[in-house]
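Just one chain follows, in the form predicted on its own, and it is written as C-alpha cells.
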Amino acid sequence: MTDSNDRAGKSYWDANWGQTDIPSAVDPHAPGLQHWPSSRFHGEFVRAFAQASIRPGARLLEIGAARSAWLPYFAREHGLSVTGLDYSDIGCAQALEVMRRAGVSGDMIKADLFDPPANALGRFDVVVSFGVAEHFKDTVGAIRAFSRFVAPGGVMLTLIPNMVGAIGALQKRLSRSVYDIHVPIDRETLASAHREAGLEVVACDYLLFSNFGVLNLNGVPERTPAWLVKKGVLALAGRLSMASWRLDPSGRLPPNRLTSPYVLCVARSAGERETDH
C-alpha cells in the first residue's frame, strides 16, 4: 500500500482512535430507536449467510477492524470464529478490548492488508469490511486485495458510505477534510470493481433509506462558531433520520442513490467451500 493510494493513512486512524472512547459491541436486539440500523444490518447478514450456507464455526475476517464493534456481534449472533485485520496498533488493541468486554474470543492480525502474512490468505469463509474500500484511489485494487483472504467458495461483504448522494454532499460541507479521504463510489461502480477483481456479485445495492448518523465533524476545530453551527446541523440531521425510522419501523422506504447512507455488495469467490472445520 502506498501513501498515494491510501487517502487516509495510518497516522490519521491512530490519531482518531486515540481520541475516542472504546465502543460497545453491536447488539441488534437492543431496545431503543438508536439501534434500529443495527437491526436492519442484522437482517442483511442473516440473509447473506443463509444464501452462502455459512454455518456456526465458519471463519470470518473483518478487514479494517480497528476498535471493531462488529466482531463480537458475528461471534455471538452467528457463532462464527472471528478475526480482525488492521494496521493500527491502537486500533488492534481496542478491538481486542471490545471483544474482551463482550466476553468473546477472537484474534487480531496487525498487518497492512496489501502485505499480509501468507497464512491469512485464502483462509476465511466470510470476509467483511465496513467503510474501508472507499479510502483507496484504486477501488479494484482494494477489492482484489480483500478477496485474497476469501477461501474458495467463500463470501465477501463490502459496505461503504454512499458518498455520491446526500451523505457525501453534506459531509463535504461539514468537514471537507473528511470528505477528501473518501472516493465517491456508487452502486454500479462497486459491483463492477468486484467483478473486475474476479468475484461473482450476488447482490449490490443501496442500504437503508436514511442515516445521517454516519456524518462527523473530524477536522473541524472544536468550540469555534463554525463547529457549533455544524454540530447543530448534525444534530438536526440525526433527528430527521430517527424520525424516518420511527415512521417506517419495518424499513419499507426504498433505499436509493440520493438518500441512502450505505452501499452493500455481497460477492462470492470461485470454487467450492469446505464446510468441515
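It should be emphasised that the depicted structure is a prediction, and the values quoted were computed from it without experimental measurement. From 1 onward, residues are counted along the sequence shown.
Just so you know, the form predicted in complex with a small molecule exists too; it's not on screen, but the next bit is about it.
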Query raised in the report: Among the candidate residues Asp107, Asp186, Asp112, Glu196, which is the single one with a non-hydrogen atom no more than 4.5 Å from the small molecule in the predicted bound form?
Result: Asp112
Report summary line: As a check of understanding, the residue in Ser81, Ser147, Ser88, Gln171 with any heavy atom within 4.5 Å of the small molecule in the predicted bound form should be identified as Ser88
Query - Options 235-243, 207-215, 60-68, 45-53; stretch whose heavy atom lies within 4.5 Å of the small molecule in the predicted bound form - result: 60-68
Requested in this report: Examine Pro152 and determine whether its closest non-hydrogen atom to the small molecule in the predicted bound form is within 4.5 angstroms.
Outcome: no
Query raised in the report: Just to confirm, Ala191 within 4.5 Å of the small molecule in the predicted bound form by heavy atoms?
Result: no
Report task. Classify Ala102 as contacting or not contacting the small molecule in the predicted bound form by the rule of any non-hydrogen atom within 4.5 angstroms, answering yes or no. Result -> no
Query raised in the report: Though only this chain appears here, would Leu157 touch the small molecule in the predicted bound form if you measure heavy atom gaps against 4.5 Å?
Result: no
